[in-house]
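First, one chain by itself in structure tokens, the form predicted alone.
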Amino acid sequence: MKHITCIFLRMSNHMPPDHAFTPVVTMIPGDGIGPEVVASAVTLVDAAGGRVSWEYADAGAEVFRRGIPSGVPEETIASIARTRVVLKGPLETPVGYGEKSANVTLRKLFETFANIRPVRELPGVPTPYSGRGIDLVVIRENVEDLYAGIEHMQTPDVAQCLKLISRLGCQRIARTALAFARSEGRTNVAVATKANIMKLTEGMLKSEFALAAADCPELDTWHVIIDNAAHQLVKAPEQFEVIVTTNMNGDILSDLTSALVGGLGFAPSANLGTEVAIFEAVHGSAPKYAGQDVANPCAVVLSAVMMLRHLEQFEAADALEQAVYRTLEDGIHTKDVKAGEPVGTAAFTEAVRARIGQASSIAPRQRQPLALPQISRSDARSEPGSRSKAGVDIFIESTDEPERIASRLQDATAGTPYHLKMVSCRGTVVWPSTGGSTGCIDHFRCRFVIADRHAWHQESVLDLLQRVGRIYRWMHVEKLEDIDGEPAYTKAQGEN
């Protein structure tokens, strides 16, 4: 691997921290309960001595209603590009139709590739895990995987979503997790993947993490299968300190971990990139509670604590965090905590403000500025020693039985350098017969291999597609390659 440098992530890479300087932060109130909980955070940042000048910006539901498909107007993009730091409330996301998620748009637009989601046991918040000492962080790759949102209807009844995992993305998130552990004095870092099934995509994160971990011999690093990670988090969560994983897996695991310590009302997060940092609660907009003065502001307030640390205002961050902990420890909480009498959002905010300067039973962790890896596309690019073409996968739509599909394709491609090796449906071989009883739909992968690698060329592939296309509708094609003598593709279940 090429040399990897690190940068200290702060409000500006060109401006060192200056105690007389007041940074400008883009503040997006958000939808539903967003304006209430963001107002609480803004009030408490100011009360704790945070040096921040707030610049209002808009995104989410109201922007969608104005006919902007991304949910993010140009003026908000300009504000973020200028300030490079964002505190935002939750934004509504259309479900199952229409526009993209404005939350995901912001993360991807500014390449905030690392999502940091800490969870810890909180005083005064009883859970089945109270007393276990849970204190862990889920670090989630934030811009690729299935959340790239590249979907197609392959047939009227079969949808496809492309899972894109890059070496660049894996190297960045793996090294960020290791750097984060060092910055907080943590010693245990686990990478959680589904590499036992998705050997190329999830497997890439596993292998890149292992390479990065070799540079951190002082850390205890290990791999865990993602479903076992979920199992172990319920069974023995105290064994984890830092978990790094892919985008969708991280989204799921971090919601699980927040439930261990009291729920999403206590789940802050940071979206970090080398240029921009976005701080937000993990929870959604909860529109049915909007304007009722019942929302728990802790997730956004603790996100603001993370923002202050990002700005290297450590004293203000510790003061605000301790005030939140002390308020909870004193039995003051909103209605999502099932103990005693709850208070409203405004009363909880005032209680925290009144305790700024007081300590809780949880001592502040000693932290250093987080050094993010700065890895370019050229740094992460592999240069294979050899490449050779092994064949072609052609995906077709048909209601024929597999034996008829194979027979017709063999007749249609006779005389070409390609040989039909197998036909699969939903990843399982259905021709040649394996003796199983796999159910078929109208979507088949037809694998053609080539014996003479020198006979493979663009024109031969186009000829193959034309021959297949005369009898079946095809919608997708993948070239099969061997890289450095190893197949750069996987076999179907049951394929020999």
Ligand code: NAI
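Numbers for residues come from their place in the sequence shown, where the first is 1. These figures come from a predicted structure and were not determined experimentally.
Form predicted together with the ligand: not shown, discussed below.
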**Answer option from 397, 350, 241, 336, heavy atom within 4.5 Å of the ligand in the predicted complex** = 336
**Message:** Please identify the residue among 144, 208, 92, 321 with any heavy atom within 4.5 Å of the ligand in the predicted complex.
**Reply:** 92
**Message:** in the predicted complex, is there a heavy atom of the ligand that lies within 4.5 Å of any heavy atom of residue 175, even though the partner is absent here?
**Reply:** no
**Item:** Contact of residue 107 with the ligand in the predicted complex (heavy atom, 4.5 Å)
**Value:** yes
**Asked** Can any non-hydrogen atom of residue 139 be found within 4.5 angstroms of the ligand in the predicted complex?
**Response** no
**Request:** Classify residue 265 as contacting or not contacting the ligand in the predicted complex by the rule of any non-hydrogen atom within 4.5 angstroms, answering yes or no.
**Result:** yes
**Request:** Counting only non-hydrogen atoms, choose the one of 372-380, 351-359, 402-410, 257-265 that falls within 4.5 Å of the ligand in the predicted complex.
**Result:** 257-265
**Message:** Please tell me whether the candidate spot formed by 103, 282 and 288 is one where all three residues come within 4.5 Å of the ligand in the predicted complex (heavy atoms).
**Reply:** yes
**Prompt:** Out of 163-195, which residues reach within 4.5 Å of the ligand in the predicted complex, heavy atoms considered?
**Reply:** none
